[in-house]
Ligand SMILES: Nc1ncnc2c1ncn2[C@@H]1O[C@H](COP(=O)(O)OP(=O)(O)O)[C@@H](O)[C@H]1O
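As a starting point, one isolated chain is supplied in structure tokens, in the form predicted on its own.
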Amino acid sequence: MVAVQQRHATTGDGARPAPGTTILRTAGLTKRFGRLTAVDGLDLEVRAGEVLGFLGPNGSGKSTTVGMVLGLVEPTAGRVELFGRDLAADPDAVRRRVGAIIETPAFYPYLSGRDNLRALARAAGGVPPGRIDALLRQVGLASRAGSRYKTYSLGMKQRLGIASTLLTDPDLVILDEPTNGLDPAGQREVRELIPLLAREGRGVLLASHLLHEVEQVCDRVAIIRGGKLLRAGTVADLVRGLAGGASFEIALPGSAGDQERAVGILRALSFVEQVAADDGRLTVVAPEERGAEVNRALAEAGLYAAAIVPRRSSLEDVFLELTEPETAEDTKP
């Protein structure tokens, strides 16, 4: 793990930025490595008090973007603004309010969790007395604070990593694949911590490829492919904008002719967007509240459904629809 910790610099009155304030903005952010464009004109925002999920297939430019936001990678074009200030023009003033975890954990194995944090606090400077123990309680490691780091589970190691990013009380926390390699229990431990960071007024940028994780903890989502922003918004908004965002699965006993007739009947309904039949089941794309009308139209034609089950699209459906062209191309021999 590379833990980026800078001294916290609050706003003038010592308070965090107001909820909803944009604390990270990228404008036209671009990075080229020779002929490869890893990030291509990316416009992104993170606001105080929210968790922004940063999604994309492997190789889509997420980690390169994070590197540029942290000042570890120099952009080819565009700019990064932190707290309204240009990172390139004043890197020290803005980065002192950012904490981040990237890559894999790396602490002193024979030191305890508490002593590891003490060492980092001395290096960072300005960490008030008592903060280390408070952070260990916050991440659920108080009972194991005196145990050697090498005895920690992967989930405990990652939670200690999150605690290390909070030593200087940053206003922006960046987590790059924080649950990568963890077992389900470890993933849950880390996942429960992430929204708490935002509730304390911080902005959180969560770069991940785990869709269920992002759907559970994020307020908004930004999806990129090939270094370009494809879509951004709340999960609900993204799903609502998906073709087939609300649909029904209908089990329809009868012959193939009955199914063909049912398809024709349903396609004639003005509110039905799509109908597809497959082995005795119909998929009908239509508003969820029109289910009774779908059933009535079939019954009036003498076709009786054995079951009508609403199916709501998920973030996974949105992600796959947006990234499928790249995935299909990548899998060509």
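Numbers for residues come from their place in the sequence shown, where the first is 1. Model, not experiment: these values are computed from the prediction.
There is another form of the same protein, the form predicted together with this ligand; it is not shown, and what comes next is about it.
Participant: Given that this ligand is not shown alongside this chain, does residue 61 nevertheless sit within 4.5 Å of it in the predicted bound form, heavy atom to heavy atom?
Facilitator: Yes, residue 61 is a contact residue.
Participant: Evaluate residue 292 for contact with this ligand in the predicted bound form, applying a 4.5 angstroms cut-off between non-hydrogen atoms, and reply yes or no.
Facilitator: No - in the predicted bound form, heavy atoms of residue 292 and this ligand never come within 4.5 Å of each other.
Participant: Though only this chain appears here, would residue 36 touch this ligand in the predicted bound form if you measure heavy atom gaps against 4.5 Å?
Facilitator: Answer yes; at least one heavy atom of residue 36 falls within 4.5 Å of this ligand in the predicted bound form.
Participant: Closest heavy atom of residue 49 to this ligand in the predicted bound form, within 4.5 Å or not?
Facilitator: Although this ligand is absent here, residue 49 would stay clear of it in the predicted bound form, with no heavy atoms inside 4.5 Å.
Participant: For the chain seen here without its partner, which of 263-271, 298-306, 62-70, 280-288 has a heavy atom within 4.5 Å of this ligand in the predicted bound form?
Facilitator: Within 4.5 Å of the partner lies stretch 62-70.
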